[in-house]
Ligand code: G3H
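Encoded as structure tokens, the following chain is the form predicted alone, with no partner shown.
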């Protein structure tokens, strides 16, 4: 199989695109949501180029998918002021609404969102190059996340519906919102990852301004009407454009109470530093990671290869949880690398709508060139690309490259590549990969592959003090969504899961009083009259 020849012809002519996958006309988004109203922007637009090229008589040309608004500081501050007014120092309709009512609004949004599935899925394919199967999974998982969040809030509220009496003081302890939240999601999961902060922030009573990722903007357009219909004015506001133009003034205003950001630690540091009162800013951050796979001498090679291929190359390796560095023991390095390379060569590559496709074009401009530069540097240092055609580039497409042996001093040894390059190092002493994990600036997850319980146990105890999840004979991953998702060091701040996210976007608050006749009568009257949404023993089924 001539991989280079196949890569050179990877992009189709328009006539080769299935009718169900076609984009008939450019998606010119002018809408944005402020104060419950969908406004239309008449100013400058940012052109959205798909990672997909189309063959024409003049050669391959990048498909122009559409454009989105480049709002100014004026609109950004209007969005922020709208969120602040809706929150109204905690006195607004949304933060004082009962949990039952907020749940009802969220369920309405989920129902309206489902009607937009096909439209959002198609834009996911064209905008970031995600396969049809993975795009559908992202949409469905997001809807499932909303439903799971609703159920988790019901459970949390049930546990909070009782009174506590301690040392002569009676109290009801519940969770209250933080205030105004700025949500910014990543391009690799522009729907799901954005909503894993947006949804819990909203349902806990916060008011939100959210900016879509730089790549993956248009796919949120179809949901604006659902936001406007489901939530009160000002509860959800959207901003588009240059971060420096619209996010900097929002942060510098000091009106943001919580920053929910998924991206690089460098940008997170900049954003936090812009807030004039950083001690008042709650931050929920999902940042970088370079998760390692440690393959012990007794590992089941077939099963390990399967997990490592999926773990390192799902969605082209563009996942924070991807396996981005593999350490294999000397005694099995030859067998493992041979079988791993063969498995990579069998991955299907092509366009996102093709059935069973694994590897697709990359959405970030210049990314193939960066990946090629880093692999070339490793080759110059003595490594080789093991799989046929690895590293072949055609415009936005980069063919997966298995690079071995990667050593200390090479860029790929420490760099989070965030793409379809798999660096493999070999070791003789388990202290080497353990030291690598300890010295890494990242601390999200690690995978350990082996059969000996005693050896695995010796690794577990130090590793759990370096990362937040140790996977045994399994790839690194976020799910299930009910499990904690966190990171140490430069990888995260705050813990996300269905239940953890409800807590991270709220604060424990209580109403308390000495247990005497007067206070007992007051508390009882409030609950009987249902005159307070906070002080209540209502039980949500």
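Numbering follows the first chain given and starts at 1. Bear in mind that the values here come from a model prediction, so they are computed numbers and not experimental data.
The following text describes the form predicted together with this ligand, which does not appear among the structures shown.
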{"property": "Sole residue of 75, 127, 193, 138 within 4.5 Å of this ligand in the model of the complex, by heavy atom", "result": "193"}
{"property": "Of 189, 398, 327, 261, the one that lies within 4.5 Å of this ligand in the model of the complex (heavy atoms)", "result": "189"}
{"property": "Residue contact check: residue 503 to this ligand in the model of the complex, 4.5 Å heavy atom", "result": "no"}
{"property": "is_contact(residue 102, this ligand) in the model of the complex, heavy atom dist at most 4.5 Å", "result": "no"}
{"property": "This ligand contact in the model of the complex: residue 98, any heavy atom under 4.5 Å", "result": "no"}
{"property": "Residue 68, heavy atom within 4.5 angstroms of this ligand in the model of the complex", "result": "no"}
{"property": "Stretch in contact, per heavy atom within 4.5 angstroms of this ligand in the model of the complex, of 472-480, 503-511, 22-30, 60-68", "result": "472-480"}
{"property": "In the model of the complex: members of 308-331 within 4.5 Å of this ligand, any heavy atom", "result": "319, 320, 321"}
